[in-house]
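Here you get one chain, nothing else, as structure tokens; it is the form predicted on its own.
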């Protein structure tokens, strides 16, 4: 493990549960675990905005709700726009002396479909305008809520209901969209990747983001036993394997400066991650070799960005 890996171990982790039991998430749902950790890090003075998706469906079966704080459900495409509107509303109230200056955490939480596909335009606009809120993408790598259809975040080679494997198809034929890099290209002050398999790292990044003025983005890989075709008791291990193979590196981009949170002398082979998921079981050795080569190339490109700042003395 690299010396760069920072471990957030608070003296007393927030015991308040603001994403409460009774929700309808599948067994082993990484999304539900991630939301629980995010809200523990954020604390009570928080407003959450969520578009349509798994999170909305599992957490608010009428007339019940798993949210123990203010939560707003919005359309698939406009979570970032609504979050920006909430921030603007508080600014207007403060300007009229109708609201004090107490910090309110505004967090938009969307899936990969509502972020990298349908909601990308609103998200890009909110970043460009400089709204002070945190956007978290909970990436389970497909439209799981409506039947496991491919998204632009679906990894190369994965079989979904709209990119099925078969005699003439290997499944998904395009590479996963790099949303963290797209967010960083907007020159916003804080971008990070995270996974609930590393809970203290995730909570620390949420707190760092919320202390930062301006737009913030965290891309969080969340395991989905239903869509990935994996055992429910393997989800924490799968998240770790995604990191250890280099398929999903943990890093931060702070004011444009890259920081790798976990490094390894040597990456594990991607087969260690792929073999536990039925969505990849059709892949041939040649297909896996292509994935391995791509992962290694992207890993080296990321490390070069990190080393660039080291050589120039930027901390």
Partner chain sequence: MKEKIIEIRWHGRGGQGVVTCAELLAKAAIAEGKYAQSAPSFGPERRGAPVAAFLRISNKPIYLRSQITHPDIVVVLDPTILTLPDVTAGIKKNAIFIANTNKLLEDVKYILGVNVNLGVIDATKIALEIIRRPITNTTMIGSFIRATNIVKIESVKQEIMTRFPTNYETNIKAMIRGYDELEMETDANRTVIKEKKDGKKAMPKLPKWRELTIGLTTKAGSAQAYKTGSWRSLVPVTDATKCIKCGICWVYCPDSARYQTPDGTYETNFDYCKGCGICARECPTHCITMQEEKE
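Positions refer to the first chain, counted from 1. Owing to the predicted nature of the structure, the values given are computational and were not obtained by experimental measurement.
Omitted from view is the form predicted together with its partner chain, to which the following refers.
A heavy atom within 4.5 Å of its partner chain in the predicted bound form is found for exactly one of 207, 105, 116, 145: 145.
Shown without its partner, this chain lists 262, 33, 288, 253 as candidates; in the predicted bound form, only 33 has a non-hydrogen atom within 4.5 angstroms of its partner chain. In summary, the region of this chain contacting its partner chain in the predicted bound form, judged by heavy atoms within 4.5 Å and restricted to 41-49, 63-71, 267-275, 254-262, corresponds to 63-71. Across the proposed site, 27, 196 and 226 without exception bring a heavy atom within 4.5 Å of its partner chain in the predicted bound form. A residue is said to contact a partner when one of its heavy atoms sits within 4.5 Å of a partner heavy atom; residue 23 meets this definition for its partner chain in the predicted bound form.
At the 4.5 Å threshold, heavy atoms of residue 177 stay clear of its partner chain in the predicted bound form, well away from it. Interface residue remark: residue 138 is not counted as part of the site for its partner chain in the predicted bound form, having no heavy atom within 4.5 Å. Interface membership of residue 212, defined by any non-hydrogen atom within 4.5 Å of its partner chain in the predicted bound form, is ruled out. Residues 225, 226, 232, 233, 234, 235, 236, 237 are the ones in 216-242 with at least one heavy atom within 4.5 Å of its partner chain in the predicted bound form, listed in sequence order.
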